[in-house]
Every structure is written in structure tokens, then in C-alpha cells.
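The form predicted on its own is given below as one chain in C-alpha cells.
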Amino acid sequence: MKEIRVELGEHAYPIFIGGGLLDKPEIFKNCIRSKQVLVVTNDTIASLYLERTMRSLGSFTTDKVILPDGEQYKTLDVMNEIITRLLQQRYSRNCCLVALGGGVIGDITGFAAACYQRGVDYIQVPTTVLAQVDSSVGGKTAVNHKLGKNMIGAFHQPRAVITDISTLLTLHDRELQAGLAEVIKYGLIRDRKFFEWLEQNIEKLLHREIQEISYAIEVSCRNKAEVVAIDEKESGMRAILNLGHTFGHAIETGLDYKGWLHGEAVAAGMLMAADLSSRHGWLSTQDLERTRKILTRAKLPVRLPPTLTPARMLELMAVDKKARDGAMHLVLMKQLGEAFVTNQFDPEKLRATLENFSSATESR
């Protein structure tokens, strides 16, 4: 088992990474301060891992909430089911929530924990690649609105992240591929050496070779932990973690959170960010092509959905958390392993990028 610390002073916490961690009660006991524990999961994960998790929590007073599976259910109405159960069972202010599942479960459970009685403990137990390398770490919690993704939320750090990599054995291929988008992101934004390693090993990750999967998760988490420790509330450097996300969130919102997975939207968004960076002369055409190639090898989409026009994308991108004083800010790239945030981009070049990736330009 590996342990990585997210160094945030009094809010510091461990990330445990290893096989079979769901079956280790001592890890849960060391992380939970209360006797009252509510496990939140979805109907897909419940059939696979809920019983094992509840068994490891046997020394606690436990209850569970099983939510429907899907990004379209990451809403205030669905989150209210968690709050209602906490109130019905008279959970106190020192209770603990356990988020067992992927990014949607982690986000909605974390936000419920941030809101209930002005903030209670929670633990992330991520079961997808995307959640294990990104959304479970850093304390970003949120639900979606029909006008924008993750627009309702709070920063609320977990007590711990317990990553059992054996859960990836039951992950659908498409979910695995979508998670690799966030793994590739770390190489693009700040870790060129890791990007080069990914170029050599991406097929091994797709084949779930355990040594390579473990290494990729560990390096990704170390990158995320280092950035979060520097900038917990995303006032500066942490924004680079959103490479491709302004484009990607627009895709997800435009599709009403149906059809594409988060990582798939981010993958297309990262390539669009690279394309725009190249159009400005910041990123070499060689690095642009290497970005395109690794995303394609990871079996990720590299074009916009046919239903989204450039004009619709621009409209959706304007509703973004990184926008400040009415100006859109994008995460772009100077080279492989170096990203930056800027509003100093040419709007015409942005439109050209969107048209280049669109299957549904207004002229067609």
C-alpha cells in the first residue's frame, strides 16, 4: 500500500492506494472519528462493493443511501435524498459520510457533507480511474445545474481517500478510457516525464496491467496533491488542473449530461486547448500532434459531438467558473508539461478551433 499526503495544514489528509483496501477495517477505523457513518453509493456500485464496504465498517453504526447511476442525477434534488436520510436517522454534527463510487458520487456526497449542519466529515472511496486520479482529491464538491456543470458547490476536504485499485477490474472499458483522459492531463500540464512514460505505456494501461495502472494512479495523485497543497481554493496555480475543462464542461452541458462521459468531454477539450495554443504560436505543431496521438491511442474522442455548433459551444463556454469580470479564461499550453491560464487569446482563433473540431458548423 502506498500513502500520499495532501499537505493542507490542519486539513491535511492521506491518500491510500493499494489492492484489497475495501477489506481492511483498520484503514476505515483510523480515518473515521464518529460512530455514525452513512455510506452513499449508486445502484451499479452497490451490487459490486457495498457489502464489502459495510463489512469493513462493522464497528460503526451505519446506514446507506443508494442513488441512481449517471451524471444527469448529480443535482440538488438527488442530493436532498442524502440530507433527508441524515435528518431522518438523526445524524449528529460529528457524523461521517463515505462516498463509495465514481466522480458523481464523490462530488454529490462531498457537497452534502459540506452542507449538512454546516460541514461534517466524509471519506472518498473512489472506484473509477477518473475518481481515483482526480475528483476524489482536492476537496472540490458540487452538483450540476441545467445551465452549467458544477456551478453549485463548495471546497470541503475529505478526511481521507481510500483507493482500492482492484475495483478497476470491474470497470467498463469505456469508463477506463475516460479516466485515462485525466491521467494524460497531468502529463500535459506539469509532468513532461510522465507524459513520455504514458507514450510508452498507454496500451498497458488499457489492458489493465496492474503495475502500470498502480504507477499511473500514484503519479497522478502526487501531481494533484502537490498542486492542491499550493493552491487549495483555486485562486491561482490550481486552475491549470482544468485543462480542457471549459470546452469539456460546455460539451457535457450541451448534451444535457447524457451521451458522453466526463473524461471523454475533457479529452476533446484538451485537444481543442492544444489546437488553440498552437494557433497562437505557443505550442509547437509537433507537441500538438503528440497530444492528438496519445488521446487517439487511448480511444478517446477528439472531435465535438455533431449536435454542438461552434456558436452553441461559445455560448456554453461563457458560463464557466473560471470566467472573471465577464472575461473567459482558458487553460492553454506553452509546451508538453507546461500549462497556463489566460484571457489573452484571440476570439477569432478560438472560433477557428471550434470550427476545426466541429461536425456541425453553421455553414453546413
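None of the values given here were measured: they were computed from a predicted structure. Residue indices: 1-based, along the sequence shown.
We do not show the form predicted together with nicotinamide-adenine-dinucleotide, though everything after this point is about it.
For nicotinamide-adenine-dinucleotide in the model of the complex, the listed stretch (77-85, 189-197, 103-111, 268-276) containing residues with heavy atoms inside 4.5 Å is 103-111. At the 4.5 Å threshold, heavy atoms of A131 reach nicotinamide-adenine-dinucleotide in the model of the complex.
In the model of the complex, nicotinamide-adenine-dinucleotide stays beyond 4.5 Å of every heavy atom belonging to Q157. In the model of the complex, nicotinamide-adenine-dinucleotide lies farther than 4.5 Å from every heavy atom of D121. Although the partner is absent here, Q36 is not a contact residue: none of its heavy atoms lies within 4.5 angstroms of nicotinamide-adenine-dinucleotide in the model of the complex. Shown here without its partner, the chain carries K64, L97 and M151, none of which come within 4.5 Å of nicotinamide-adenine-dinucleotide in the model of the complex through any heavy atom.
Here is the short version: of S220, S135, T291, T253, the single residue with a heavy atom within 4.5 Å of nicotinamide-adenine-dinucleotide in the model of the complex is S135. Of the residues given (A225, L171, C115, L206), L171 alone sits with a heavy atom within 4.5 Å of nicotinamide-adenine-dinucleotide in the model of the complex. With contact defined as any non-hydrogen atom lying within 4.5 angstroms of nicotinamide-adenine-dinucleotide in the model of the complex, the contacting residues in 160-183 are T167, T170, L171, E175, E182, given in sequence order.
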